[in-house]
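Shown below, as structure tokens, is a lone chain in the form predicted alone; questions about how it binds or moves come after it.
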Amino acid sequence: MSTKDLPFSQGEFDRRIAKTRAAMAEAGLDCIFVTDPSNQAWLTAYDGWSFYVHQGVILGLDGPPVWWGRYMDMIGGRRTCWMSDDHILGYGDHYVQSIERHPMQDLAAHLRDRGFAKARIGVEMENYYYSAKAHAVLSDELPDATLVDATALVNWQRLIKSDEEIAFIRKAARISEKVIQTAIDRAEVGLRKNDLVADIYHAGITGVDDIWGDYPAIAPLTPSGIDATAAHLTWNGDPMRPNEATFFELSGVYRRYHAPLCRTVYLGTPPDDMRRAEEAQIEGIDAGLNAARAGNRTCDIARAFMDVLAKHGIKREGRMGYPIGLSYPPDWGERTASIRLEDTTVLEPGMVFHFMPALWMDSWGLETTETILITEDGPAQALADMPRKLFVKD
């Protein structure tokens, strides 16, 4: 049998398990059941497009974690997880999308077998992948257990990246540079947007040199003109038009690690108000990077940027960034800290954020963003090497 191509050392996985167990002990939990595919991968290295069915990781206070999922995906688990095969379990297909039975009945049996029938079990209540039906069935099947909301318990352990993880994010940033440059180079009047996005996907999946590209957790966001006043529109088959701005919100991905990067291109001569906003945005980003130092807080980054905008008479609401790293659809954020005025998370070396101070105005949008690394001393480091400006193509 061929050996597994594990992304990280065993010491790295041991570090993650130890951090998570410390958080479990502090929360008074005997066990957690983790459904977020990013958290599953972080704990076990499981990597497959199977998160549309019920699956997850069981982690107690001792022993290796257990990956549990559909039987056909158990095979993938044995190819990707670092644990031995007896810690990778599969349920039969008769549970899948059945109205007569539910996979949580199978999971409950495994939890009982492992001595958790009366345990305090943490579950990710606020999660895309843990349904109300799943929780109801699991509660019914484990009447003597206490199911506790452990949303984001694992996510918070992921906030400070190891050297091994940062190396992956740096590789993703090289791909991000390529996809953004491809988007800017190809953008022209008359080009159908879907053809442009096809080139973006090709650049991202091809990667750079020996750094192969993975699929992004968010589809390319490439709105133009009035559509760019909205934050999360994708693309259509319309041709690109003169005198419109298009922002590109993209990310290179290496082995599920992301490095989001945004830039904006204008086909024609930008209006004066967009140029003034560009000046303010870039000045604000510089101020934010300078404030993004170990010992400061995420709100300090936000305040530095917002103070610059206020000086230029520009109003903006909403957060300006979030932690990133390993992720699966539908989001590349880690859903913990935020770069916003009310968030007081203390910055520590090894944290990685998508600093995302985009401007969505009444008739156009302007996105210029960076993936940033909090360093031991000094301002944050932008991981991608890409000019920070509005790109203009006459």
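Note that residue numbering begins at 1 and tracks the sequence as displayed. Computed from a predicted model, the values in this text were never measured in an experiment.
One more form of this protein should be noted, the form predicted together with a further copy of the same chain, which is absent from this view; the next part is about it.
How about residue 36 - does it come within 4.5 Å of a further copy of the same chain in the model of the complex, if we only consider non-hydrogen atoms?
Although a further copy of the same chain is absent here, residue 36 would stay clear of it in the model of the complex, with no heavy atoms inside 4.5 Å.
Considering only heavy atoms, tell me if residue 86 and a further copy of the same chain come within 4.5 Å of each other in the model of the complex.
Result no; residue 86 lies far from a further copy of the same chain in the model of the complex.
Contact test in the model of the complex: residue 278 vs a further copy of the same chain, heavy atoms, 4.5 Å:
No.
Can you work out whether residue 237 and a further copy of the same chain are in contact in the model of the complex, taking contact to mean some heavy atom pair no more than 4.5 Å apart?
Heavy-atom contact with a further copy of the same chain at 4.5 Å: present for residue 237.
Contact check in the model of the complex: 97, 131 and 209 versus a further copy of the same chain, with a cutoff of 4.5 Å between any heavy atoms. Do all three pass?
Looking in the model of the complex, the three residues 97, 131 and 209 all sit within 4.5 Å of a further copy of the same chain (heavy atoms).
With a further copy of the same chain left out of view, choose which of 112, 120, 303, 79 has a non-hydrogen atom within 4.5 angstroms of it in the model of the complex.
Only one listed residue qualifies here, and that residue is 79.
Determine which one of 295-303, 257-265, 163-171, 68-76 lies within 4.5 Å of a further copy of the same chain in the model of the complex, judging by heavy atom distances; exactly one does.
Correct option: 68-76.
For the heavy atom contacts within 4.5 Å of a further copy of the same chain in the model of the complex, list the residues of 211-241 involved, in sequence order.
The stretch touches the partner through 212, 213, 214, 215, 217, 218, 219, 221, 226, 227, 229, 230, 231, 232, 233, 234, 235, 236, 237, 238, 241.
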